[in-house]
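Here's a solo chain for you in structure tokens, the form predicted alone.
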Amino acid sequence: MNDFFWFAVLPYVSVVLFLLVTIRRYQTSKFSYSSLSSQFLENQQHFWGTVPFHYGIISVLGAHFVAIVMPRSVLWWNAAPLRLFMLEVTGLGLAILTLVGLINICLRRLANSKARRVTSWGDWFIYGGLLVQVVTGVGIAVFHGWGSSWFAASMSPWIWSLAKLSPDVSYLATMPLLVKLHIINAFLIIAVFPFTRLVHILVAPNPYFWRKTQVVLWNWDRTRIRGTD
């Protein structure tokens, strides 16, 4: 594996592509910034997919962020074996929660005819990428334990070297193949991010706080309604 390409070139290509295409898409087609939710088509299985997935993925990403910006604090916390064990178990539990939610989302898209009809090949592509990312993450937690410590000690310095425009791939030279695949897949997701429905997470739904209440009529007499026109 060419470490320099995957860990010193790909990250910059992915981030530049992410920024340029995201900004361009917002300028030319801002109304495409939508999750294209199919909740109205089927809600019960939708709930058991999206809720655990979103809670899980947000928590996992938040933990990654903390390890990047405060690696010394993470290492201090992990100095006590009990705290390290608690952190590892919590991280694994959140990863499994994310995986359960994502699997439910995919099964719903396959099993429900209405949801399947509005699911594009682009959606399946991003679902596949997310599945690879979550499965490899769970695999790392299971087979390469104490990830919070080696993340803070090796991954965080590597990421900061990227931010300083002086990538140092030596931090990743001895990493297991599963870890490297997890990192590569993450940057591939970043690269395709602006082409998919995932862009909706970049736009805060602020208008929902002041817009008028939306009324949805589920049962109505079509003849009576048309007769009043």
Partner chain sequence: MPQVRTLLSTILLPLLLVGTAAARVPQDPPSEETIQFFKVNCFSCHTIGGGALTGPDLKGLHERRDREWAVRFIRDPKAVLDSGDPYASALASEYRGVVMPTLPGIDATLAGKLYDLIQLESGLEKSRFEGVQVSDRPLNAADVEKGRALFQGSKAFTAGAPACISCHAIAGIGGLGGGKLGPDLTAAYSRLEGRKALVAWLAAPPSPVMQPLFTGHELNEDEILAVVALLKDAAGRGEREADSTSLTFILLGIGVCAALLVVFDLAWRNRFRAVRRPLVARG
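Positions refer to the first chain, counted from 1. On a predicted model such as this, the values are computed, not experimentally measured, just so you know.
Note that the form predicted together with the partner chain isn't included here; everything after this is about it.
Taken together, the three residues Gln44, Gly93 and Ser170 all lie with some non-hydrogen atom within 4.5 angstroms of the partner chain in the model of the complex. Figure note: of the listed segments 188 to 196, 63 to 71, 172 to 180, 159 to 167, the one touching the partner chain in the model of the complex, with heavy atoms no more than 4.5 Å away, is 172 to 180. Proximity to the partner chain in the model of the complex, defined as a heavy atom within 4.5 Å, holds among Thr119, Ser154, Thr136, Asn112 only for Ser154. Contact with the partner chain in the model of the complex, judged by any heavy atom within 4.5 Å, is made by just one of Ala141, Ile126, Val132, Ile105: Ala141. With a 4.5 Å cutoff on heavy atoms, Ile58 does not count as touching the partner chain in the model of the complex; it lies far away. Using a 4.5 angstroms threshold between heavy atoms, Leu202 stays clear of the partner chain in the model of the complex. Within 4.5 Å of any heavy atom of the partner chain in the model of the complex lies no heavy atom of Tyr33.
Within this chain, Trp48 lines the site of the partner chain in the model of the complex, having a heavy atom no more than 4.5 Å away.
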